[in-house]
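One chain is shown next in structure tokens, namely the form predicted alone.
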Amino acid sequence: MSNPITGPATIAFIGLGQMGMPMARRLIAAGFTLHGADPAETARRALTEAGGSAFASAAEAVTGAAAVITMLPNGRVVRDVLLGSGGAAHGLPKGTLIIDMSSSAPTDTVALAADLAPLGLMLLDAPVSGGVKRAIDGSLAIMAGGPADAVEQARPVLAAMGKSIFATGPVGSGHAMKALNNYVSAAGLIAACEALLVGGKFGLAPETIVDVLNASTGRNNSTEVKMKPFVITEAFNSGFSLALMAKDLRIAADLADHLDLPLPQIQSVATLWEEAKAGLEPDADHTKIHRHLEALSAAGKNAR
């Protein structure tokens, strides 16, 4: 088994967005040498100010890296950055560990791992859950798919960014687990929002509904964390976009299809979120699904 990767080893971090930047900062704080790549000059400047070295291209950033982390919009972008024309993977020495922390389709991840293997490169998929707040404080939940020895090699790197690290099984299993987690989370948020709409129409105060749910069997992450600060207040600013949630839910539904599992709710939830994405502003927070459900209830009432 390869030795664990510890600081001051060089980590290349590709994608310094809303989640990637605070994760990169956690690695710097843990003593790693951080090479970051992002097309946005503001992101590169912020990384430099945090103590990292910033590059406009991933191919430049990976020079000398013991591990490469990708935190990008989807698996297609990850593949292009690594294996496209001038891709970063082509210049990496054999044995370099690549960790995809993006939310990617698990079937695409399996295919990417197979294409990286002839180059002597190992791929782990290690998506995260917890949002920007937990990225900032380093308490993310991380789901790591890939060979057990590779997960252990990467564990110090992952531990710098996350509090709970789960070895989920073979490559692709981390991305599968992330999509399924977000499916369960999204279904719980829909149920809580619908309870608020029905209860409110009957005359129940929204705070009372949430308090009772949290003291009863209806309690879930959305009732505990999202309903009062983001939905009841109509702030809708939890920090995780509705578009990203819709993407993850489609990944979960497509995985069920790929496995020939005709499950009705996973498909209907994915479709509902895609409809909300089409009907709301492009940068809408995922808690704004409540607005979409309000519109659906009003349209149904008016159609009677």
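From 1 onward, residues are counted along the sequence shown. In this text, all values refer to a predicted model and were calculated from it rather than measured experimentally.
Although not depicted, the form predicted together with a small molecule is the subject of the following passage.
Indicate whether the candidate residues Val81, Ser103 and Val128 are all in contact with the small molecule in the predicted bound form, with contact defined as any heavy atom within 4.5 Å.
Checking in the predicted bound form: Val81, Ser103 and Val128 are all within 4.5 Å of the small molecule.
Look at the stretches 45-53, 31-39, 60-68, 274-282 and give the one with heavy atoms within 4.5 Å of the small molecule in the predicted bound form.
Flagged stretch: 31-39.
State yes or no: in the predicted bound form, is some non-hydrogen atom of Pro73 no more than 4.5 angstroms from a non-hydrogen atom of the small molecule?
Pro73 belongs to the contact set for the small molecule.
When the contact criterion is heavy atoms within 4.5 Å, does Leu244 count as touching the small molecule in the predicted bound form?
Leu244: contacts the small molecule in the predicted bound form.
If we define contact as a non-hydrogen atom of the residue within 4.5 angstroms of the partner, is Ile14 a contact of the small molecule in the predicted bound form?
Yes, Ile14 lies within 4.5 Å of the small molecule in the predicted bound form.
Taking heavy atoms only, is Val132 within 4.5 angstroms of the small molecule in the predicted bound form?
Yes, contact at 4.5 Å.
The small molecule isn't shown here, but in the predicted bound form which of Ala150, Ile232, Met177, Val77 has a heavy atom within 4.5 Å of it?
Comparing distances to the small molecule in the predicted bound form, the residue within 4.5 Å is Val77.
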